[in-house]
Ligand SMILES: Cc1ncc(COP(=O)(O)O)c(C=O)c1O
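Just the one chain here, laid out as structure tokens, in the form predicted on its own.
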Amino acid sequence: MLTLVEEAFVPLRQAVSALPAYVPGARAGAGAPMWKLSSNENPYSPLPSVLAAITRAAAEVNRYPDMYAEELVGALAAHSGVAVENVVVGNGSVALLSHVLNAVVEHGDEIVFPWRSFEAYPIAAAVSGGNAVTVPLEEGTGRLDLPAMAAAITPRTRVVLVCSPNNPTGPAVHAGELETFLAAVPKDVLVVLDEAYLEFVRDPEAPDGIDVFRRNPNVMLLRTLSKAHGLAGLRVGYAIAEPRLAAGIRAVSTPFGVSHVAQAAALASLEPATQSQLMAQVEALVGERTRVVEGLRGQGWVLAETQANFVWFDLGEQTLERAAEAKAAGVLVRPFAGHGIRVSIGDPEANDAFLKVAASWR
């Protein structure tokens, strides 16, 4: 009988061992009912036409999906007003971000991004072998400091991530400041404009991402069907990029990364009749966002201007305590320890429950 003298183990890459954990929004467990406002989800159930497409596709899950999702790519290209050669789909925009960095970042290259911003950025940067260069947000506004981000670019910079609207704070970049920023970025540096919350933007100064992309070959767009389209559970994201870059992203993507069911649901959600219903839901959520923000300001809160489907509370060291109080009152929110709390816009009843919680914080 053999005895192990010492425990053997396979070491992880140092970059992997040091990765920060991606913290998902809290889920309601067993027990008292909870309003889940922690994950920026669309609170509405899938539309009947989308559910029907999911049901039909479920009967075919013994077959591999279309590897390159050609029908979906065509629909997304038509939806976005670009050529099919410009579109790449993936298992959510988070997966696509990783594919993008794997396609263009060499070991030791720099990736510039704002902070605090989307928490997948430092994880994706580290896994790619790149060096993260973080740039603080504007003090007190939650806005990206684009001049500071431009100043952070060095000869080693390969990618700059611009999250608009910024998750978790909410403001969108403005067209004029983005143009000034892009003029300062070297043309061999990729600028990723992350537009996950595009459909919720009502700021008249926000840029037209497609127009920016068409005029700047080093700009690519990241978009998702998880938010406005309500397909968070099926994971469908897409990138819009110049053809050579799109082909590179496609080459490093996970084979068959978007399931057959997800492709069918996405195609159904892009049908014109379904689109009009989905955008009516988005408009209702924007109306609820306005009502919630006005209610909070009436309570005395000073908030960052949100163009997304959430609001941000800059609470600093009070963050975890306030999140625990919200949970005790039946509302799940998303705390970022030491920074603040992000609260998704839900249906009116959930929003009313949160407004009561926010009033108690005052």
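Residue indices: 1-based, along the sequence shown. Since we're looking at a predicted model, the values are computed, not measured.
Below: the form predicted together with the ligand, not depicted.
Taken together, 94, 163 and 194 are fully in contact with the ligand in the predicted complex: each brings a heavy atom within 4.5 Å. The stretch among 141 to 149, 114 to 122, 265 to 273, 206 to 214 whose residues place heavy atoms within 4.5 Å of the ligand in the predicted complex is 114 to 122.
In summary, among the residues 250, 235, 289, 158, the only one with a non-hydrogen atom within 4.5 Å of the ligand in the predicted complex is 235. A heavy atom within 4.5 Å of the ligand in the predicted complex is found for exactly one of 131, 80, 218, 226: 226. At the 4.5 Å threshold, heavy atoms of residue 167 reach the ligand in the predicted complex.
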